[in-house]
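Quick setup: one chain, the form predicted on its own, written in C-alpha cells, and binding and motion questions come after.
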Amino acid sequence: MSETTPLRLGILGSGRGSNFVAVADACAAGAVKAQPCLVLSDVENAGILGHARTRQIPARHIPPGKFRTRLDDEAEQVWIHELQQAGVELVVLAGFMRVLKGNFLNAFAGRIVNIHPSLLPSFPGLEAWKQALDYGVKVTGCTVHFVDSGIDSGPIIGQQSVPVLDGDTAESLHERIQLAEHELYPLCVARLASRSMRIQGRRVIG
C-alpha cells in the first residue's frame, strides 16, 4: 500500500447502507483519504447497492449460497475473487449480516473492519441495543473493530458513547446509536487510511 494513494475500500452490506453512505461521502469530501472501489451485497435489492450506483461506485449482488448466516464455500471464493480483482486493500463491513469464516479472513488478514452497536466487549451479537436496554445500562454506544474468527471480538479501533435515556425504546436508542456510528466509522477509516496504525496484542496504536 502506497502512502500517497488513497486506500482502496471494498464495502460489504446487506441492508440500507447508511454507514456506507457516511464513509463514502466522507471520502468524496476529502475527509478520508480512501476510495470506495467496490460494493458487494448478499441481498439483490439491498439499499446499499442503490447508494453505490448513485455515486457511480461499482456495485454487485453476489448470491451467498445455501447457508443462512454465512457464505458457502463456492460463494466465498467468488466474493474473495471480486474483491481481489478490484484491488481492495481494506474490507469495510456496513451492515453485512453474515459471519466471515477462515478462507475469507485469511485472504484479507488484518484488513477487515466492522462497526457494532454497543461498547464492546459488552453486548456482542445481534440487536445489541436491545441487549443494552434490557440490561439497564445508562451508557452504551458503538465500536469499530477489526474482524477475527470470533463474534465481535477483534481488536478495537474506536468507540463512541451514547447515553440511554429514561424514556428510550429499543427503536429510539438504536436511532441515536446509528447517528453515532455515522460519525465514528468515517473517523476510524480515516485513521486506517493514514496507514500509521499498528496492533500490539489487542491494542490498536496510532
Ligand code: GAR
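We number the residues from 1 along the sequence you see. Model, not experiment: these values are computed from the prediction.
The form predicted in complex with the named molecule exists for this protein as well; it is not shown, and the discussion that follows is about that form.
Trainee: At 4.5 Å between heavy atoms, is residue 94 in contact with the named molecule in the model of the complex?
Mentor: Yes, residue 94 sits close enough to the named molecule in the model of the complex that at least one of its heavy atoms falls within 4.5 Å.
Trainee: Is there a non-hydrogen atom of residue 178 within 4.5 angstroms of a non-hydrogen atom of the named molecule in the model of the complex?
Mentor: Contact check for residue 178: yes, within 4.5 Å of the named molecule in the model of the complex.
Trainee: Can you check whether residue 55 is within 4.5 Å of the named molecule in the model of the complex, heavy atom basis?
Mentor: The answer is no: residue 55 has no heavy atom within 4.5 Å of the named molecule.
Trainee: With a cut-off of 4.5 Å between heavy atoms, is residue 16 one of the residues that contacts the named molecule in the model of the complex?
Mentor: Yes.
Trainee: Residues in which of 65-73, 170-178, 154-162, 35-43 have heavy atoms within 4.5 Å of the named molecule in the model of the complex?
Mentor: Contact-bearing stretch, as computed: 170-178.
Trainee: Answer with one of 88, 100, 132, 115: the residue that has a non-hydrogen atom within 4.5 Å of the named molecule in the model of the complex.
Mentor: Only one listed residue qualifies here, and that residue is 115.
Trainee: Counting only heavy atoms, which residues in 47-85 are within 4.5 Å of the named molecule in the model of the complex?
Mentor: Nothing in this stretch is in contact.
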